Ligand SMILES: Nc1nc2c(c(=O)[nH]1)N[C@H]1C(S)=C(S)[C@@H](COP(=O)(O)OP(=O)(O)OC[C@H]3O[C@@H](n4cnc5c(=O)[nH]c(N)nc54)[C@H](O)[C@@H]3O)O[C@H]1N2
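Quick setup: one chain, the form predicted on its own, written in structure tokens, and binding and motion questions come after.
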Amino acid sequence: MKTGVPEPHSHTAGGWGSLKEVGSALLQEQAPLKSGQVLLKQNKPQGFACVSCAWAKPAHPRPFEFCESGAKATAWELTGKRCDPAFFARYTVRELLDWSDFALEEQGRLTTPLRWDAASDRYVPVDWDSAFAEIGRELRALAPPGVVFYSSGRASLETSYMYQLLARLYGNNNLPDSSNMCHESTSVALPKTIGVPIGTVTLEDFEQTDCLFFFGQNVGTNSPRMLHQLQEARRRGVPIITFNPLHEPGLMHFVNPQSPLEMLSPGDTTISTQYLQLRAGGDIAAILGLCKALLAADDAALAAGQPRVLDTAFIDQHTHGLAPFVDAVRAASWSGIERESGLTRAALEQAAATYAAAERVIGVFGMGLTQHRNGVENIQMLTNLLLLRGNIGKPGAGICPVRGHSNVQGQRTVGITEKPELAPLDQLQAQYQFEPPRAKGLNTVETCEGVLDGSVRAFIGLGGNFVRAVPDTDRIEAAWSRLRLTVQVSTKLNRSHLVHGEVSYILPCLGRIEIDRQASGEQALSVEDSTGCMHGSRGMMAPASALLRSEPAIVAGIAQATLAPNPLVPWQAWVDDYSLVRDAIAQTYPEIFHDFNQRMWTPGGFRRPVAAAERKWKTPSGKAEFIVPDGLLADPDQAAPEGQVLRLFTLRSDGQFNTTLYNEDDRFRGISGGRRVLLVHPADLRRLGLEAGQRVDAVGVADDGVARRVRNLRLVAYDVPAGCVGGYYPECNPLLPLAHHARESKVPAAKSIAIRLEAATPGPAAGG
């Protein structure tokens, strides 16, 4: 393990390292030889949509339209390893709880439905009909407000539509999903500013842009296919300005592994033309500094009789609330901006000058903005910056939230939401002749609160690893066993199966890349990408087990065993022919999904209407809104990073997708030998009397009476902002208080957690 401070340019995204990683992943997973050929169909028309990130799929794809992360996800799903009944006969659940996340998933694909047997503390095989029958009995015996229907971002549009209908026919809006933990701040912020809950740009905008600004989004590990758009932009001379606490290789240098010339030459593409290493939580201050510099430049231009820096014609016609925003920006001091952002005035003025010189600018962001106490304000500040120069609703410009899981945005589009005002309840009522529940449902944080106080009695998980992904992990795990029923629809074993309720089932499902044969023949599914485009997806490989069922079939099986028959809800017909589900979706959402079956194979996808992209503002004022931030701090309720207190921000490695680990190293950051590490600035190590390589415990400092501790972490000297510490997700989740979440959106504020370091106490081994 490296313990010095790596040079910022010590690693390059793509290149031979990427090809080696793909080959290693295929070998590690013992994937069939055909898996390499299947990669040629990934993200292609008439092929399958990548099971990892949600980045856009071009109408004219490259020969290899997959990245290292996507290839790893494909190898992970098509693994030759099997987690069969013989495995569960060998180990009790208690024994498996001591295994690492990586070791659990490395057992391979689940092959048969399983039920936890209390007498033996083992999962034992069960037939599908018996599983559905008992799940139905349990659900009918419970009060609907205490049952949660969670979904990760994996499920298709068809499955998601059926799932939300199951929950509402059952009697609640308890439909939390993984967006509650990441981009819910986006979905709350953007409707208030520009009137839509999603981004406004498409791939075509990247071809026309003059400048890109990145905030808190690590393209190299979270959406590597975007590097093609960034490389093409740089070749046109487009500047890319990056704000990030870490120097991330994917935002610095890239070698295209699909280009023989690049692979055989020593050069690479410099991605970021200016890299501003701000403090974790310093985003509001940094963006406000950019706005302050723009106002000063506009004042100077006005005084000199030169063209204005602000787009006053756009502002006058299309926006509301500029005056109070300008007053707030002028009132902010440069000293405060520099202190909270960790950046110099000169650096911010340089970035602002680049912004002012460009006519078409795209603002790209990820969870570095959303996962803060003021995560909603972070996004509204970025929107303010774009509005000042009319950079929303014109070609080559706009706001671009980069979503994580491949259909997490699409799930919301077809009704997965705990907020009844966002679901077409009146249409569902008319379409299916029932009275939908109108009370607000539980989001992820509220689900966890319900588990702790006992009001949540059952949890149905459509994919994901909920127990591992949520804040306050230790507290949630301790309370989880009090649940009456837990059901996990999964492809592989994870910790959420082992931390279970009194009655617990694992229902193994087909993966997206597997052929899905139903009564009417082979089926196709659909997903929505980050840019609001819908794509068809067709499985290519034989299923891992003859006993697997598709996600739509599992949802329908639970529904039929639980709900009273409704002749207007043809569960079995939907399972037999998914095109009928798409017809139902089109009836519920005609503006978005008209002619769904005819359009789903459109090259590049068909796009949902995005009013703000056409400068139509669906806000109360009918205009885009400037919104004044409450202050300079993204996390005003957390202890400041001074003295013994440090500010922890969580991060992911290049061998990781959400809670799934493909390996336990992080080659981009030079970390090997396990993930139980903390990245600390050398000056902080000296100041605290610590040394690189030393083991410590990280202790939460929240003043709520709860003891939070992650034991036995190795310190790594690293180029992070002074006072800040990087640590891996989900290993550091026990340090994140459940109550420390974004105001309004309730997204866990995982990018700013106040901790201190103490001498190590006995705990898990490194890498465990």
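Counting begins at 1, following the sequence as shown. Not measured: the values here are computed from a predicted model.
There is also a form predicted together with the named molecule; it is not shown, and the following applies to it.
Heavy atoms within 4.5 Å of the named molecule in the predicted bound form: which stretch in 288 to 296, 194 to 202, 463 to 471, 423 to 431 meets that? Partner-contacting stretch among the options: 463 to 471.
Quick one: in the predicted bound form, does every one of H228, T531 and G604 get a heavy atom within 4.5 Å of the named molecule? Looking in the predicted bound form, the three residues H228, T531 and G604 all stay beyond 4.5 Å of the named molecule (heavy atoms).
Just to be sure I understand the contacts: of N384, T413, N494, T79, which is the one whose heavy atoms reach within 4.5 angstroms of the named molecule in the predicted bound form? Only one option qualifies, and that one is N494.
From the list C509, V499, A351, L388, which entry has a heavy atom within 4.5 Å of the named molecule in the predicted bound form? When the named molecule is considered in the predicted bound form, the option within 4.5 Å is C509.
Heavy atom of L165 within 4.5 Å of the named molecule in the predicted bound form: Looking in the predicted bound form, residue contacts with the named molecule do not include L165, since no heavy atom lies within 4.5 Å.
Quick one: does D516 come within 4.5 Å of the named molecule in the predicted bound form, counting heavy atoms only? No.
Does any part of A280 reach within 4.5 Å of the named molecule in the predicted bound form? Heavy atoms only, please. Output for A280 is yes: heavy atoms within 4.5 Å of the named molecule.
Close approach of C53 to the named molecule in the predicted bound form, 4.5 Å, heavy atom: Yes, C53 is a contact residue.
Within 4.5 Å of the named molecule in the predicted bound form: residues from 176 to 211 (heavy atom criterion): In sequence order, S178, M181, C182 come within 4.5 Å of the partner.
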